[in-house]
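Take a look at this one chain, the form predicted on its own, written out in C-alpha cells.
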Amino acid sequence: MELIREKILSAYEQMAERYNALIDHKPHNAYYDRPNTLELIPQIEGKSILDAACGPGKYAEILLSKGASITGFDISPTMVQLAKERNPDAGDFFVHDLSMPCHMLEDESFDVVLCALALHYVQDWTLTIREFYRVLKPKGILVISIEHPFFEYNYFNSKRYFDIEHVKGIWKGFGKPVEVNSFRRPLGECLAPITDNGFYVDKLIEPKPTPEFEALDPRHFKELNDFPAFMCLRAVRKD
C-alpha cells in the first residue's frame, strides 16, 4: 500500500504544473466534472467548506468567489502550493493524505465536505468517510465525484466486477505520459461506505457534458452523452 501511495504522489507531483495550467478549460474537468458536482451544493454563500484533495485549488477559487470559506488539503505539496498561489490571501491549504485521519480539523466544523475525483486513490474508504462525518456539522452535506464504476470496469478490462482492485493507466493529457495508480471498485463499494457510516444518499448524478465540451473534444463529447465516465453524489449526515 505504501508503494502505491508513493506512486500516486509521484504522478501528481509530475503533473502538477501542467495540470494547473490546463485545469480552467480542460473539458473533462471544466465542462463535465465541475458543473455537475457544483450543482450538488445547494447553497454556497456563507458556507464553511472542506475541499478534500483540493488539487491546484480550482474548486476553491470558484467557491470562494461565491462567498464560501474554504479549507483545502492535498497529498501533493506542489498542488497545495499552486492552490495557495491561485487563491492568495484566501482559504487555508495544507498537505495531507486523504486516507489518513484529519486530526488537525475540529469536530462538526464544516457545512460541506467536497471531494472531487479523488476517492479512487483510497483503497478502503471507511476511515475517510468516518472523518468526513466527524468534521461535518449535523445535517452537513458530503459531495463527491468519482470515476463511474461501470466505466472503470470496462476501461480496465476487469474480470471480477465485485473486487476492489489496484489498477493503473497512462495519462497523456498533462504533458509527458504518466502512470497513474488507483483502485477500481463496484457500485456497491461506492455506496456502502457512505450509507454504513452515518450518511444517507440524497442525490446521484450520472453526468453529461455541457455544450462547451463539444467544441474542444467532439469525440469524447459524443461518448459521454452515450455512456458516463464519472458519477457525482450528494449525501447528508444523519443525526
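Residue numbers run from 1 along the displayed sequence. Everything quoted here is computed from the prediction, not taken from an experiment.
The form predicted in complex with a small molecule exists for this protein as well; it is not shown, and the discussion that follows is about that form.
Within 4.5 Å of the small molecule in the predicted bound form, a heavy atom is found for every one of I8, D74 and H96. By the criterion of a heavy atom within 4.5 Å, P209 is excluded from the residues contacting the small molecule in the predicted bound form. In the predicted bound form, at least one heavy atom of I23 sits within 4.5 Å of the small molecule.
When contacts are judged by a 4.5 Å heavy atom cut-off, C54 counts as touching the small molecule in the predicted bound form. Taking the partner from the other structure, the small molecule in the predicted bound form has no heavy atom within 4.5 Å of any heavy atom of L136. Looking at 112 to 120, 162 to 170, 149 to 157, 83 to 91, the stretch with residues near the small molecule in the predicted bound form, meaning non-hydrogen atoms within 4.5 angstroms, turns out to be 112 to 120.
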